[in-house]
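The chain below stands alone and is given in structure tokens; this is the form predicted on its own.
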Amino acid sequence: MKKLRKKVYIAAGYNTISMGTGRSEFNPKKERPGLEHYIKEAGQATIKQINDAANIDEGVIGNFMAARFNKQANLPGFIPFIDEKLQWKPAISVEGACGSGGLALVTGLKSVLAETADAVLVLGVEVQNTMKAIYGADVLAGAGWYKKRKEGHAYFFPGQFSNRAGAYYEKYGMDYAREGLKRWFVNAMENARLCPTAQEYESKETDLYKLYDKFNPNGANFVDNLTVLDCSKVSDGASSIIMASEEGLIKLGIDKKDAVEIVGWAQVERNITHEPENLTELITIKKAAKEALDSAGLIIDDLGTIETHDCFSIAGILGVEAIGFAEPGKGAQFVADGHTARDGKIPINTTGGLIGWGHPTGATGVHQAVTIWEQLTEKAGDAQIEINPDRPYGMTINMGGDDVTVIAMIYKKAE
């Protein structure tokens, strides 16, 4: 099956600040902006980059748990709230846990391919700092099969990925593995410090390696095999971008030099009621990455940069292996050797990823696409990396749940 029957582009991306602990503006004791604030900020910032909101045909919002975090549902109704010219336009919201942003991208892509729209406003949003972390952990447990909630850790998803880390330690060695996890954390923080919207942008720690070594996994305090530095933080924020056909770019007044073409994609689902067959392998990411590359006619050596879903540092290591840059068990060494750093063989998560930039769950997939758009169009500011002309492609991997819903996309600068 040919997935791309016509050219489809993304352009006019925008990220709000990823708000939460680590940002000087964040004060948990004071009232903070709500869901509608982030939706409007992101949506209007994208609209300012086009000629007229009236030329947008549809809207999509990716969101995970606004109905619980914010007691707000019916999110499509917030598309016309962004701009009055979006009133009466079709809109939809999609949910796939932390992969909701990726599903929003796929939904916009399919509308363009189906020729029901030439231009789609794609937005992802989450506001999670409405609850204490322990209560929020119960909400986020809905990304897994909730029937098994009572069998899991109080911090359910840290517990799930702690189990993966523990299996990796047992198979390949704990000290060895944690050297890779440490470098993943350091890369995330260093990259976040280059991006003004990142949650860890203001981090001032002078020795990140020493900081990481101060924390040791302790199940009595948190989970057995990870520390808080191995985890993405609770975040509020939104990201937005335009998905368009060639005709759509013209209608919106977007020059191709400011656009990025989608050249391959995949969306893969694993049965949520089944436990992973192998805790040391992210099989859904593996399948999605291969399918996306195959659909683009590419191999991993064609990739110049990747945004992958590092909700936990162990997910980053396992993701490197699943994509194919390292054999099973060799991912920790690949990372520890600096190959995924911004000046390494394959720069990954150049604005900090989920650990450094932040993880507003429903927005993450869109944020990843915005980051790739920025990098390939040289709009990344201080976070800009050099894109090798022999490896001009970018990839995003957005994962929902414990390797359940995965969306992979391949991009190149428009020509």
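Just so it is clear, the structure is predicted and the values come from calculations on it, not from any experiment. In case it trips you up, residue 1 is the first one in the sequence shown, and so on.
As for the form predicted together with another copy of the chain, it is not shown, yet the points below apply to it.
The stretch from 191-199, 164-172, 146-154, 298-306 that comes within 4.5 Å of another copy of the chain in the predicted complex, counting heavy atoms only, is 146-154. Comment: another copy of the chain is not present in this chain, but in the predicted complex one of 13, 394, 401, 20 has a heavy atom within 4.5 Å of it, namely 401. The contact residue chosen from 272, 341, 263, 279 relative to another copy of the chain in the predicted complex is 272, the criterion being a non-hydrogen atom within 4.5 angstroms. Shown here without its partner, the chain carries 224, 229 and 319, none of which come within 4.5 Å of another copy of the chain in the predicted complex through any heavy atom. Taking non-hydrogen atoms only, residue 64 approaches another copy of the chain to within 4.5 angstroms in the predicted complex. Although the partner is absent here, residue 289 lies well away from another copy of the chain in the predicted complex, with no heavy atom inside 4.5 Å. In the predicted complex, no heavy atom of residue 205 sits within 4.5 Å of another copy of the chain. In the predicted complex, residue 70 approaches another copy of the chain with a heavy atom inside 4.5 Å. Of the residues in 97-115, those that come within 4.5 Å of another copy of the chain in the predicted complex through at least one heavy atom are, in sequence order, 97, 103, 107, 110, 111, 113, 114, 115.
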